[in-house]
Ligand code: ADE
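Next up: a single chain in structure tokens, the form predicted on its own.
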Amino acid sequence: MAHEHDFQALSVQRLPAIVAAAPKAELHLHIEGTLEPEMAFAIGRRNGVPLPFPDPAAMRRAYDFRDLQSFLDVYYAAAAVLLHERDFYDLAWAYLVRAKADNVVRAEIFFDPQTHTSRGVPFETVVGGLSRAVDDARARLGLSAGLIMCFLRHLSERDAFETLEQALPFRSRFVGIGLDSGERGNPPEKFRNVFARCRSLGLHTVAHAGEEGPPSSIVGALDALAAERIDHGVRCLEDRVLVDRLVRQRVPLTVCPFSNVRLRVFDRLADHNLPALLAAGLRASVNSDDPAYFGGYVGDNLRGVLSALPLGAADAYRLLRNSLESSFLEPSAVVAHVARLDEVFAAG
């Protein structure tokens, strides 16, 4: 396999095209966050569910978020149009087609069942539509995808356990569990027991931490939840001991640059600490989070950071290889995708 120093001579002008053509994994993507305004209105009309905006353009104008909660308010309002298996299929299929265009070879997709079951939508409806789209993506697009069921951290652990019980008959349809929603006031330790139960079922574990929350939130996700990946994690640099641990244990950080700017973690993309994360030896990758709301899908995020930040070919290669090696794919598939990544960069 190649190494980053092999690509130092690649031209800056060619790099965006090389990155676009390269295989990549997306590991931090909320399927509800791919609900574009036009689709939200189309599904809303189909289901007779009005949105609190006169039209898609007005909905987009509401995307001037102050923080995570101001985003979640719009996010949950839009998700209310999703009622039937067809809706969840259409949503996931639209994302997967976009991902294929970005040369995503593996997508690990978060879904929030509590957002829907709390509205009376059966768990089976949600997972049925999503998993059918995942199956079709494998058969029709050659794109591997897995579902990760997330618990909403602003709700109780008891609610998470109830959701897990609903999910167990469909255990084969998702590969892991995660923790998302508002980080403030909802530490990882709150979900220690339900994560232990999920690990006993053989599920992979990931958790949002270190976005709005301090480095201690990342420590909690590692210690209390045994999280295999940290979603976001950008505030880890505030704690040198934590950084050393993350490097030593090779814990992936699924970084979402556009999201971090839109939610005011950083003022500008040029201020993002992605170069510092890579320089520290952290296993960072680039992902899109909630692309319908934050201004771009994974290809857009990669183009954005390469344009705004002092990142070269070696950094781009490392970000892409990190994404592949941090996925929950079988090792043989990872090796094959990394070999293809090497070919694309070597061809320059």
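Small disclaimer: the values here were computed from a predicted structure and weren't measured. Counting begins at 1, following the sequence as shown.
Omitted here: the form predicted together with adenine. The next part is about that form.
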**OP:** Please pick, from 83, 143, 72, 147, the one residue with any non-hydrogen atom lying within 4.5 angstroms of adenine in the predicted complex.
**Re:** 72
Original post:
in the predicted complex, which of the listed residues (181, 273, 163, 103) lies with a heavy atom within 4.5 Å of adenine?
Top reply: 181
Original post:
Pick from 52-60, 288-296, 303-311, 319-327: which stretch has a heavy atom within 4.5 Å of adenine in the predicted complex?
Top reply: 288-296
Original post:
Looking in the predicted complex, is adenine within 4.5 Å of a heavy atom from each of 109, 229 and 254?
Top reply: no
**OP:** Would you please decide whether residue 43 lies within 4.5 angstroms of adenine in the predicted complex, comparing each non-hydrogen atom pair?
**Re:** no
Original post:
Going by a heavy atom distance of 4.5 Å, is residue 92 a contact of adenine in the predicted complex?
Top reply: no
Original post:
in the predicted complex, does residue 130 have a heavy atom within 4.5 Å of adenine?
Top reply: no
Original post:
Should residue 68 be counted as a contact of adenine in the predicted complex, where contact means heavy atoms within 4.5 Å?
Top reply: yes
**OP:** Can you tell me which bits of 258-273 touch adenine in the predicted complex, meaning any heavy atom within 4.5 Å?
**Re:** 259, 263
